[in-house]
Ligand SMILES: Nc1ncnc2c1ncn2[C@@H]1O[C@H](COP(=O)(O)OP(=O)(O)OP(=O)(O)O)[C@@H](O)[C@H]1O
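A single chain comes next, written as structure tokens; it is the form predicted on its own.
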Amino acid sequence: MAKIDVDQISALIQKQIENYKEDVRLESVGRVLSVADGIANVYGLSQAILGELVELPNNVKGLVFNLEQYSVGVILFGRTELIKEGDYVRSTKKIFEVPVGDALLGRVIDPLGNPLDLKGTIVSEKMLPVERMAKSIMDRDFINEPLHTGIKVIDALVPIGKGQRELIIGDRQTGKTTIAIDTILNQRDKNVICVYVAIGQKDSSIANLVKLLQIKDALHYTVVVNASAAKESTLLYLAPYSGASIAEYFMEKGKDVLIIYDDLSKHAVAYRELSLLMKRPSGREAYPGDVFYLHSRLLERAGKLSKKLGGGSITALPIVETQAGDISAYIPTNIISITDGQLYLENKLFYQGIRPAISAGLSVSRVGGAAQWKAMKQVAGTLRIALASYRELESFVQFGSDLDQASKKRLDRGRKTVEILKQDVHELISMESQIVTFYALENGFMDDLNLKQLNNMIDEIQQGLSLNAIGRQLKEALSRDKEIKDRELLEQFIHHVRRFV
């Protein structure tokens, strides 16, 4: 009979105890009671929190959207058709997160961070929650830097500052998206990151947009977040929050970011659909009572950070579609009250051929003026009043009244102002060129020109600032000083340009 080595057995047991790893986990698990329209009603998950990420079979993820006494409403992302009654739902104790980082630049992604552009997987630097608290007042700084759009009527009359929220509002097919895209194109070589969030757009429209950004060499500094019209309301609801988190990553690194939400009307409709499916009580126009909070918590995330936090900024350009020009409808009035101004596009102007069809009377920028170049204020300070005066005089002339010489001159100046403010699609004008043009108009250098000569002179100013020695000197001075210090040099350049008209 073999002798038992007690010490050896004791040492072996001791070693096993030391190497023992506890393999017990406490999990909060629920069961799917019903599933339809991308929404699951889940029994259990008593510890669930609003906005929490939950995991279901077949790699389907969900977001806790509704908390009730005995059940939880979960909106689903992924292959929702694979989820059936009785499936287990596991809570993660994590808020729903989206990948962020430099790897997203130049890519087209869905609101979950999955690539849609066939360029391979995205290796993100980190994950950020889609819902984040907006920065406090003490963490913010004054808006004192302009964000140039390259669009004359905006840069002169309704300027936008870095960190501002400026609403683009108007009926369908009036050029809202075009203004947003032109603003992205104008940020090339200006060290501004752009995030374009497409909510409920056609896939063909997004394909054309990406192709345009590639042609114009603007894709490398742009992230496109696409929740197309073919997708479930759950993805349309999530898209702007994902875009805001991506923008915040760059802002917190001290960079300036431009984010476009195209458009928040469709976002509100998607949220209404989800809320009604969740049997939430409906209010005005069947929207749930918290539809204001839906957009206020999103748009408050834009702003300019203090120098202590890096001085980065997010400039938000939300887009809202109106019906028959009604800006007093529920969603438009909500968003107007949240933003720092609006660009109102008018049907009447659009069909008259005045494009971009921005109404100078109904458009306003509440903070951008503080960031505008002093030179632009010097030359365009009275432009809005002059335009309003021209519109009034023009309507008076329709009655066939005889006008005195001063009124005729005012009418002619007004027509030329309208002509100068016209701009073709994707035709971007530098700030220096705009200043010289408005100076020439304001000081009577264009009074003796007809409309054809006027357009020739505008083209000559643009070319002269790059090709002519005096023009290059003037451009450098305006870019450096941001104000008109040498009027003699400016007028010398205008006289030079007039010789070629």
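Position 1 is the first residue in the sequence shown; the rest follow in order. Predicted, not measured: the structure shown is a model, and the values here were computed from it.
What follows is about the form predicted in complex with the ligand, which we do not show.
Trainee: Which one, 423, 347, 378, 333, lies within 4.5 Å of the ligand in the predicted complex by heavy atoms?
Mentor: Looking at 423, 347, 378, 333 one by one, just 423 meets the 4.5 Å heavy-atom criterion.
Trainee: Considering the ligand in the predicted complex, which of 171, 117, 300, 203 comes within 4.5 Å of it through any heavy atom?
Mentor: Only one listed residue qualifies here, and that residue is 171.
Trainee: Evaluate residue 175 for contact with the ligand in the predicted complex, applying a 4.5 angstroms cut-off between non-hydrogen atoms, and reply yes or no.
Mentor: Contact check for residue 175: yes, within 4.5 Å of the ligand in the predicted complex.
Trainee: Do residue 413 and the ligand come within 4.5 Å of each other in the predicted complex, heavy atoms counted?
Mentor: Residue 413: no, not in contact with the ligand in the predicted complex.
Trainee: Residue 356 versus the ligand, in the predicted complex: is there a non-hydrogen atom within 4.5 Å?
Mentor: Yes - in the predicted complex, heavy atoms of residue 356 and the ligand come within 4.5 Å of each other.
Trainee: Although the ligand is absent from this view, report whether residue 321 comes within 4.5 Å of it in the predicted complex, heavy atoms only.
Mentor: Answer yes; at least one heavy atom of residue 321 falls within 4.5 Å of the ligand in the predicted complex.
Trainee: Specify the contacting stretch among 347-355, 271-279, 157-165, 232-240, defined as having any heavy atom within 4.5 Å of the ligand in the predicted complex.
Mentor: Of the options given, it is 347-355.
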